[in-house]
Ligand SMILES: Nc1ncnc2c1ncn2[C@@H]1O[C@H](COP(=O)(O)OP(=O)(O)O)[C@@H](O)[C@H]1O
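The chain below stands alone, shown as structure tokens; this is the form predicted on its own.
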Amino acid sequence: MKTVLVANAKGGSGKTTLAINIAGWAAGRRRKVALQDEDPQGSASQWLARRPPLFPKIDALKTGASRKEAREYEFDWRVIDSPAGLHGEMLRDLIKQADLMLVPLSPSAFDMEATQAFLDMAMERKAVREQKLSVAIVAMRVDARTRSAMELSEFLYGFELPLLTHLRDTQVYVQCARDGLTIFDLPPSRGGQDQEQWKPVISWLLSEGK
């Protein structure tokens, strides 16, 4: 079982969007997938409750479940949607449980400042510092051709973490969240552009998750 932690202390950074779409991608590959919602707002759990039964199954794993508990169900992938304000013991515990960590980041001054503080905290953890935990960034709600995207790349240069892709700002994600779907559940005519933007994330998950 591979555990993917989606984390950023900044609220509204796109954690749930990343988490549910990772779960949807893995489920679409006919893997046994668990989605663990650690956010008190419960957005991922609410999304899962709306998911139509005819689409690839994603199981809910209870809040606070340990790696040992998850392994008992023989999941192939476990995706953890973390809460805003993640720090201290909870950050340490979730990092300890994870094999991979994705950090969503929007190109605003507030998001970058908050994410810098979060990454500084994460880098203090032994697993991250010694590169036992693979960490990467996903730019959220941004066009790769814009000045904002350039500023985001400049900001990340000092961290030496890979920026995997830029996910555009589109109502497709909003509509999928409303309907309990992911972009991987959509036909190419509707989700093709966004599925293309996800290819670097998928490649990273497959290569780092071996």
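Keep in mind that what you see is a predicted model, and the values were worked out from it rather than measured. In case it trips you up, residue 1 is the first one in the sequence shown, and so on.
Below, we turn to the form predicted in complex with the named molecule, even though it does not appear here.
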| item | value |
| --- | --- |
| Contact assignment for the named molecule in the predicted complex, among L102, A122, A98, M140, heavy atom within 4.5 Å | M140 |
| Segment that reaches the named molecule in the predicted complex - one of 143-151, 25-33, 161-169, 57-65, heavy atoms within 4.5 Å | 161-169 |
| is_contact(F155, the named molecule) in the predicted complex, heavy atom dist at most 4.5 Å | no |
| G14: touches the named molecule in the predicted complex, heavy atom cutoff 4.5 angstroms | yes |
| Touches the named molecule in the predicted complex: A49 (any heavy atom, 4.5 Å) | no |
| Any residue of 22-51 that, in the predicted complex, places a heavy atom within 4.5 Å of the named molecule | none |
